[in-house]
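The chain below stands alone and is given in structure tokens; this is the form predicted alone.
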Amino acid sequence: MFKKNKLKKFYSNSSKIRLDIIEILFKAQSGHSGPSLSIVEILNYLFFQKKIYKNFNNRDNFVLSKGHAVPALYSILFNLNLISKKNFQSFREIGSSLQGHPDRTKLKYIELGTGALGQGLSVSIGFALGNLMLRKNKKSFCLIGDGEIQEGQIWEAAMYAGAHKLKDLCVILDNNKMQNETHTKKTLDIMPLKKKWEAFNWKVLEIDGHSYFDIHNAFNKFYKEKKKPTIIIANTIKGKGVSFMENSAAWHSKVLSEKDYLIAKKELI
């Protein structure tokens, strides 16, 4: 019974996070819906189950390298009561601390301003090295996109982390198989993912990125890893949770009409 209640709460929270994402995207009439919706369960688990920001002054580090998906992170912070409703609803307004891409100079909960894809992993490696040198028992998490790994800097960083056996570094790859308004395979095929990361001396875990059990088991394995960095390849659905957005490349940054908004809201409530 406990497990059933826990699962129900987890997925209910995911729906609430998605609903809040849709709310601010509709209000702003801009922003990235598809890539935000695909990472909800991963963020839900990290921030509500593992509670990586429970003590922000002694936190694990988290970098959202695919910065255009920041509405999902803002929704997480709002549901954690770390940002006010007024601030949350100011998304993308001039002068708001909640810009269309994360800005660490405007909001303290953002650890790196991202948007230029490919750079987040290098900074996460820096966090991991810093924690190691200071003998801090902390983890460094970095969420990257599948289109993002077409950037050469990702592979330089991957080679470095693997060679230096940064066991407290965990990368989560949002493998929704789309980038911008097309498919990654059409732009530049990134397969085979598992063999590539293994070749760089990483522990590779491939999961359903919307399954609580898969996510839970993968992060448990990361916490037990003692010899190498971990990458979790999370197979996800772009636009997850909203029927007409799911697996649609068109909903990368398409503006929500009132009709679309009302349909999405009805499905998520």
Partner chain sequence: MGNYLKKKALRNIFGDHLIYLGKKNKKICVVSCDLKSATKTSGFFKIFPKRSFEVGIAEANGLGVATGLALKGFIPVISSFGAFITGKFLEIRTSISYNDVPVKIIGTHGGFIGKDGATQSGTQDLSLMTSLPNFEVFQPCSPIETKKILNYIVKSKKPSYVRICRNEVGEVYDKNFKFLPGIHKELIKSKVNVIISSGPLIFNCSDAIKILKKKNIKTGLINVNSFKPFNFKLMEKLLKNKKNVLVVEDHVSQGGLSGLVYETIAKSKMSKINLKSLNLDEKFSESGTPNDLEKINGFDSNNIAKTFYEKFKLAK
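Source: prediction; values computed, not measured. Positions refer to the first chain, counted from 1.
Beyond the structure shown, there is the form predicted in complex with its partner chain, which is absent from this document and is the topic of what follows.
Worksheet item: Applying a 4.5 Å heavy atom distance criterion, does Ile190 contact its partner chain in the predicted bound form?
Response: No, Ile190 sits far enough from its partner chain in the predicted bound form that none of its heavy atoms falls within 4.5 Å.
Item to complete: Answer yes if any heavy atom of Pro102 is within 4.5 Å of a heavy atom of its partner chain in the predicted bound form; otherwise answer no.
Response: Looking in the predicted bound form, residue contacts with its partner chain include Pro102, since a heavy atom lies within 4.5 Å.
Worksheet item: Is Glu198 one of the residues lying within 4.5 Å of its partner chain in the predicted bound form, judged by heavy atom distances?
Response: Judged by the heavy-atom cut-off of 4.5 Å, Glu198 is well away from its partner chain in the predicted bound form.
Discussion item. How about Ala157 - does it come within 4.5 Å of its partner chain in the predicted bound form, if we only consider non-hydrogen atoms?
Written reply: The answer is yes: Ala157 has a heavy atom within 4.5 Å of its partner chain.
Discussion item. Only one of Ser90, Ser122, Asn79, Asn180 gets a heavy atom within 4.5 Å of its partner chain in the predicted bound form. Which one?
Written reply: Selected residue: Ser122.
Worksheet entry | Per-stretch contact check against its partner chain in the predicted bound form, the hit in 141-149, 80-88, 172-180, 109-117 (non-hydrogen atom, 4.5 angstroms) | Flagged stretch: 109-117.
Worksheet entry | Triplet Ser33, Gly241 and Ala250 all within 4.5 Å of its partner chain in the predicted bound form via a heavy atom | No: none of Ser33, Gly241 and Ala250 comes within 4.5 Å of its partner chain in the predicted bound form.
Worksheet entry | Residues of stretch 133-166 in contact with its partner chain in the predicted bound form (4.5 Å, non-hydrogen atom) | If the 4.5 Å heavy-atom criterion is applied to its partner chain in the predicted bound form, 133-166 yields Met133, Leu134, Gln153, Glu156, Ala157, Tyr160, His164.
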